[in-house]
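Consider the single chain below, provided in structure tokens and representing the form predicted on its own.
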């Protein structure tokens, strides 16, 4: 039997980290002698909190593997979000819930569904295979759903996600979703002691939109002033990153989980013009109200893709 390495995207969030750990368990049950999850970047506080609560060790960090290594990509499929030497590796699996931009020289196993979390997909895969789900695995699956859906507030939430979460209540022994989710969100929101260069890379993704290099940051928080109170520091770093990486557009959205509101920090006049046209808003003092656009994947990236297309 073969071995496989399970990896998530370079800027990890709760869904990608826990889903990789779950996927490793699934793949060992299904086909592989050994499946090992690896980390590519520093965990955010929400994810670190959950691993500590579940008594799970933080996986080893690796950004490349020897040529020909068998790989499973979890919660991503775009090349610039993943391993440095992906083209040298044998991608056997992709488990994801994002738009597809992926090509391999040989066939592979792929499970992609338009639901709110990769954890949701994995729960369905366990059920379809008839695999027993332990309490810890169920808690991780539920955490994925609640984190990515922002406790069912995000536009990415589907009816199926809510049904799956309800099914996981019994297995996870978690009856009160809000009581479980709010400590997670509060951990993720505690950003005052974080260096600003880490703050603005807390949850960012790079996109190639028709040869246009775009970086979109998102800070999901129960206290937006953790970020807004550091606007001037953030603007300095956004400018430095935009120049260093030769970006065409950059934005940082601070998403208030409680009040379901997106306040976006925009850097310069060029980015302001794009933001105002794409989202039909007005920016003043480098801030724009994007109203209830809580989901980068569903409510931000599609409009920017259409604009730059």
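Source: prediction; values computed, not measured. Positions refer to the first chain, counted from 1.
Absent from the display: the form predicted in complex with another copy of the chain. The rest refers to it.
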Among 144 to 152, 112 to 120, 168 to 176, 131 to 139, the stretch whose residues bring a heavy atom within 4.5 Å of another copy of the chain in the model of the complex is 112 to 120
### Task
Answer yes if any heavy atom of residue 100 is within 4.5 Å of a heavy atom of another copy of the chain in the model of the complex; otherwise answer no.
yes
Next item on the list: Could you confirm whether residue 212 comes within 4.5 Å of another copy of the chain in the model of the complex, counting heavy atoms only?
Entry: no
Q. Even though another copy of the chain is not shown here, does residue 232 get within 4.5 Å of it in the model of the complex, heavy atoms only?
A. no
My question is simply whether residue 108 lines the interface with another copy of the chain in the model of the complex - judged by any non-hydrogen atom within 4.5 Å.
yes
The one option of 85, 162, 104, 186 with any heavy atom within 4.5 Å of another copy of the chain in the model of the complex is 104
Near another copy of the chain in the model of the complex, with a heavy atom at 4.5 Å or closer, the residues from 283 to 309 are 297, 302, 305
